[in-house]
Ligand SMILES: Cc1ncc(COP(=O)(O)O)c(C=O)c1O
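Encoded as structure tokens, the following chain is the form predicted on its own, with no partner shown.
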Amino acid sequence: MSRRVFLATGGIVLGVLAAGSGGVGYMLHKLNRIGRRSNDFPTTEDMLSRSALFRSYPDLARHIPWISLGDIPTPVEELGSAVGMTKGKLWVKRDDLTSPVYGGNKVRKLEYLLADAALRGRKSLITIGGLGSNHALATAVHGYQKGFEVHLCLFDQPFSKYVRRNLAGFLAAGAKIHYCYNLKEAYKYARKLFKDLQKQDKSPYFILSGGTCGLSNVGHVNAAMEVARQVKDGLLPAPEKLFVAAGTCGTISGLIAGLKIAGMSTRVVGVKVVDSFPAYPYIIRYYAQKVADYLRKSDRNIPKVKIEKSDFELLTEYLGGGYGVITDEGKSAVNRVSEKISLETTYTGKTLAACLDYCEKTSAEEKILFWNSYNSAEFEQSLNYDGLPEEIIQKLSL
């Protein structure tokens, strides 16, 4: 598989099988292959100052599409004392602060995807997510700011307070919302929408649910390199373990690859927050190895690494009743840190619950890093639900 096709597919053959959507996802990716910078594209000071990866390997900036969307690098803070633990044992990576407009882990992915879309002259974006998808909201907010028309193909998930907030955020950001019932139907609808927008001369660009693909996974390789630099600068003790939510698995895969490239021995612990593909160890390992290999091919100065099973683990017992279903453990974890950081119950609450359980069982000397992938920035919300499909409005009134 070539680098360009890999970047476009991000393991899509496996994804299509799991999603039950036939060749739809694959076709969308074939129509939307990832472009590259020309070899003589100038490297800017902004790239080097904001990207630990580009700073360490500046030739990469000449090959990989990237734009700045926010405040990266993000800080690290001590968290243990906020939950009654030994000070300095538990730390948090504040990726909730990636952007003052709308933060969270999706910003790191969109810095590459929106750059690629612009490089290819695309005018509109299509993506897929649940009714309260943080990825969909991040795409809507940042896509609009970069001048794209944004289309969201949304499927069902359990309603909660944050789902309602995100729906209001979609509308305020000017996104066009399409209700698709389930993931399979969302992919089918996205394919049709892609063709319709082509006919309207709106040059669509398709982004997978969660924003996860080969190109976007580079964003969290950079995040891991950022952590390595913060350890080197004395801002954070080298963590033995890093806890992060595992949904579409782009974040965890990039972190695994990046820590390996940086020469850190930190073991990544993924907490499964979805009850469907792709949150499985063999997929995570596949994604991590592919992005590491891609970067190595782009710049031979990057060390060749082999992703091992021992580099990470995946916890499944904190999922509860499924994606978006609130658990008592997750809700309790959110409340325990509410005075320090803002979390939610779908992703970060469940992840922190696993992290706190581990911290309370392990030795006092072990250093743990919790990855806060949730947005903490205030975002604009519509005062009414004008523009929502009638099927969603009916669900809101239940």
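The structure presented is a predicted model; accordingly, all values stated were derived computationally and were not measured. A residue's number is simply how far along the shown sequence it sits, counting from 1.
Just so you know, the form predicted together with the ligand exists too; it's not on screen, but the next bit is about it.
- Residues with any non-hydrogen atom within 4.5 angstroms of the ligand in the predicted bound form fall in just one of 288-296, 248-256, 74-82, 222-230: 248-256.
- Within this chain, residue 127 is remote from the site of the ligand in the predicted bound form, having no heavy atom within 4.5 Å.
- Residue contact check for residue 108: none of its heavy atoms lie within 4.5 Å of the ligand in the predicted bound form.
- In the predicted bound form, residue 266 stays away from the ligand, with no heavy atom inside 4.5 Å.
- In the predicted bound form, the ligand lies within 4.5 Å of some heavy atom of residue 373.
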